[in-house]
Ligand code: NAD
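Okay, so here's just one chain, in structure tokens, the form predicted alone.
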């Protein structure tokens, strides 16, 4: 599905975790749709490279160094984005990591790190974005990167599943609080997307489950899809574009599953 609309023209978007993977693709698609994009990532060089790619294609973008679990860095990154690109109209809270282990072996430090990046990071980015969106009732859209695991559970992913479930609550509260001020929110819930994050899980799950890597792909990641296909980067980015550009609050507080039928919530 390729959309040619430029419905984000004149808008400013900030995407966290945008130096690679899903975040990078969303940043590129938003730029193609006319948005100025702040490419935020812990990896400053990677964020700068994506921003340079957008600028080289004729768009407006900057790279922003941001540890989403650090409030001072989040606030500084948003302030720079506003100063250089304008008030934030769209936030995509995408930054995330994955650690897999059974609960009894899951280190508390890893649990806290997972929740800090996925949940604390989304909360801090939301607070910062609302300074723009609430100003003079400007409004805006906040998109959280959930997962099919926002609704489902899988072995070895206690912290990830807990965090992704938590994003549903945050998005729904924001929809209620932000609605009167023109702010909409959604949770994007992709299935397995073949990114470095997923590639890293394949040998880890094979080891923990005692099966081959091929069996992890076939019987864990793709077994419940309708077509045996991974969700693609473009599947997710085009859904994000549709929701960011949707003109009314008819759609808000929703979780949108993008999984080739792996989950049907």
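Positions refer to the first chain, counted from 1. Please read all numbers here as calculations on a predicted model, not as lab measurements.
What comes next is about the form predicted in complex with this ligand, which does not appear here.
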Exercise. Report yes if any heavy atom of residue 67 sits within 4.5 Å of a heavy atom of this ligand in the model of the complex; otherwise report no.
Key: yes
Quiz item: So in the model of the complex, does residue 21 come within 4.5 Å of this ligand, heavy atom to heavy atom?
Solution: yes
Quiz prompt | Contact flag, residue 77 vs this ligand in the model of the complex, heavy atom cut 4.5 Å | solution = no
Quiz item: residue 62: heavy atom within 4.5 Å of this ligand in the model of the complex?
Solution: no
Practice problem: Report the stretch among 128-136, 174-182, 114-122, 101-109 that approaches this ligand in the model of the complex to within 4.5 Å, counting heavy atoms only. | Solution: 114-122
Quiz item: Taking this ligand in the model of the complex as the reference, which of 209, 49, 197, 55 has a non-hydrogen atom within 4.5 Å?
Solution: 197
Quiz item: Just one of 88, 141, 163, 95 has a heavy atom within 4.5 Å of this ligand in the model of the complex. Which one?
Solution: 95
